[in-house]
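A single chain comes next, written as structure tokens; it is the form predicted on its own.
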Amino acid sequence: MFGIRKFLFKDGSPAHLPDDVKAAIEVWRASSGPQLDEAHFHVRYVVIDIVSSGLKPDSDELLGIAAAGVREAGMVVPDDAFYLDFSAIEGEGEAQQQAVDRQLMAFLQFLAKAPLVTYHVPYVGGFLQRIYKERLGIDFQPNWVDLAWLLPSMFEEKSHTLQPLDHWLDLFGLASGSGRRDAMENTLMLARIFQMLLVRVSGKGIDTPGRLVDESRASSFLRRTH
């Protein structure tokens, strides 16, 4: 087993990767993320949603990724967005797989090690962790903010229990619509909720990304164990 692992991950990266992706991974590994003790205004967050063939990160297929940057404590800039549709990647065989690896690398560069925001980290993070381990040999462990657990903690007057996302959209007066939203539409909805969350947490003294990430972890732990 060790010999196989050593062959597959020569020089710290899977052997199938093209040289440009290997080089980009090394640059990414050496890069620094934002200072999490800065005020929210000075740190860029990235809101993420995914499309998958099912709900099981260990066995179902990741079909797409949508993401949008949130700057200056709530500003969403149209050109600070990323969408990856795996079914739209052209080519066949090895060339197509290398195109997938380059797109995954481009997504890492877009993230720039920012704190990430989503709804249900175990689902979204599970799929991302699996594909980055399998394709790029990376242990994907970003700083997550999980709206699914934070919203009941920060907006108890609206609901104090875990709810589906559409329920929160209705509670905040954000028209969820009757049809199925695509991943980017979902991401922008999440970004709007996150804007409101930033205002609420700042009023509670949670005034840095580091404190918000800690609060998210605590909310998730306490509500799962009590």
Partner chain sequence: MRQEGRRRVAGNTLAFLKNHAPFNKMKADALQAFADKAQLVFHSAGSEIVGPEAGNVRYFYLIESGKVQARQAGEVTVTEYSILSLGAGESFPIGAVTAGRPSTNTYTAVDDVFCYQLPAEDFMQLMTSSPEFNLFCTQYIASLLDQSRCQLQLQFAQRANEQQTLNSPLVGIGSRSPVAVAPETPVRAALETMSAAKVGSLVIAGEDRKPVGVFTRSDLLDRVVLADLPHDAPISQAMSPAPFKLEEHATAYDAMLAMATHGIRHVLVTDAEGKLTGVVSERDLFALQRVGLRQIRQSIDGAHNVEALQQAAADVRQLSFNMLAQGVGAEQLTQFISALNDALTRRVIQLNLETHNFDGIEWAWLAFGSEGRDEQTFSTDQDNGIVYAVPDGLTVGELKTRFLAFALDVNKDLDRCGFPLCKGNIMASNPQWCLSLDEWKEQFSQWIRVPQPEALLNATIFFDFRPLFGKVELAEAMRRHLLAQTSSNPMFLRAMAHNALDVEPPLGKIRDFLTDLEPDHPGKIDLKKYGSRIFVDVARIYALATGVHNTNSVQRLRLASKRLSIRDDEVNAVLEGMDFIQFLRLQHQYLEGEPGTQGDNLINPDDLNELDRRILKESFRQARKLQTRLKLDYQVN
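For clarity, every value in this text was computed on a predicted model and none was experimentally measured. Positions refer to the first chain, counted from 1.
What comes next is about the form predicted in complex with its partner chain, which does not appear here.
Colleague: Is D79 one of the residues lying within 4.5 Å of its partner chain in the predicted complex, judged by heavy atom distances?
Modeller: Taking the distances in the predicted complex, the answer for D79 is yes, it comes within 4.5 Å of its partner chain.
Colleague: Might L188 be said to contact its partner chain in the predicted complex, defining contact as any heavy atom within 4.5 Å?
Modeller: So L188 counts as contacting its partner chain.
Colleague: Heavy atoms within 4.5 Å of its partner chain in the predicted complex: does F110 have any?
Modeller: Yes - in the predicted complex, heavy atoms of F110 and its partner chain come within 4.5 Å of each other.
Colleague: Contact with its partner chain in the predicted complex for R192, defined as at least one heavy atom pair within 4.5 Å: yes or no?
Modeller: Within the cut-off, so yes.
Colleague: Determine which one of 146-154, 116-124, 131-139, 81-89 lies within 4.5 Å of its partner chain in the predicted complex, judging by heavy atom distances; exactly one does.
Modeller: Of the options, only 81-89 has residues within 4.5 Å of the partner.
Colleague: Quick one: L174, M184 and M196 and its partner chain in the predicted complex, is every residue within 4.5 Å by at least one heavy atom?
Modeller: Affirmative, all three are within 4.5 Å.
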